[in-house]
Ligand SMILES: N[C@@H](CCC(=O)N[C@@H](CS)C(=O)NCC(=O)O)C(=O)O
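Just one chain follows, in the form predicted on its own, and it is written as structure tokens.
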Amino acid sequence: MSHDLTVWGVGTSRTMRVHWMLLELGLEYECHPLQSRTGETRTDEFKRLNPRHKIPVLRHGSVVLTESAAIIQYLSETFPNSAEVYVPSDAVSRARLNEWCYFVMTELDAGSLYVVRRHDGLKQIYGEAPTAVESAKGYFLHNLAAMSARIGGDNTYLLGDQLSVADILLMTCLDWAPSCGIVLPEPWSHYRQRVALRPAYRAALKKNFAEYKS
């Protein structure tokens, strides 16, 4: 069934989140494989979708969303698939899900990994800042250590036996970290190995990253 879904963007951890969620939900969609920092997002046509010229972008009918966390939460609630993706049904459950989402997006993604990305991978643009880079790596590991007890026990995923929006956000950060020179401690590497077995995750890797397509 067609739902008039279109995605712009491939090639980053943040675009990976959107492709993965769409595939987990079994949704058909059109993909425009634009990449960041190629000039493709600076056209007038694209900037009408997202004036900040960033990917990913999702269009669902007349709805346009431009932040990966908001996109995947919207998809999980608009096209619920209780067999594959957990969606909370009450305020307390939503708060527990959001607690993980906000932690991942602020402390791991923006507060750690993107600092490394800016001042190491993109230092020709943003300038070298070796002290900030090492500090950000240490802060990433500090936060993982602080949350390690929360992923213990019998749960396969963060909130039980079902994948959630928070797992997709976290997993993409755990995949991103090794490329920044961060070695994942236990139990996070085991968690990553478990989640990576999901068929939709593997399909999303091939959809999103050119190196997996072959």
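For clarity, every value in this text was computed on a predicted model and none was experimentally measured. Throughout, we count residues from 1 along the sequence that is shown.
What follows is about the form predicted together with the ligand, which we do not show.
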Partner-proximal stretch of 184-192, 145-153, 160-168, 29-37 relative to the ligand in the model of the complex, 4.5 angstroms, heavy atom: 29-37
Is H60 close to the ligand in the model of the complex, meaning a heavy atom pair under 4.5 Å apart or at it? no
In the model of the complex, M105 touching the ligand (heavy atom, 4.5 Å): yes
Please run the contact check for K47 against the ligand in the model of the complex: heavy atoms, 4.5 angstroms, yes or no? no
Under a 4.5 Å heavy atom criterion, is E67 part of the interface with the ligand in the model of the complex? yes
Which residues from 19-58 come close to the ligand in the model of the complex, meaning a heavy atom within 4.5 Å? S36, R37, T41, R42, H53, K54, I55, P56
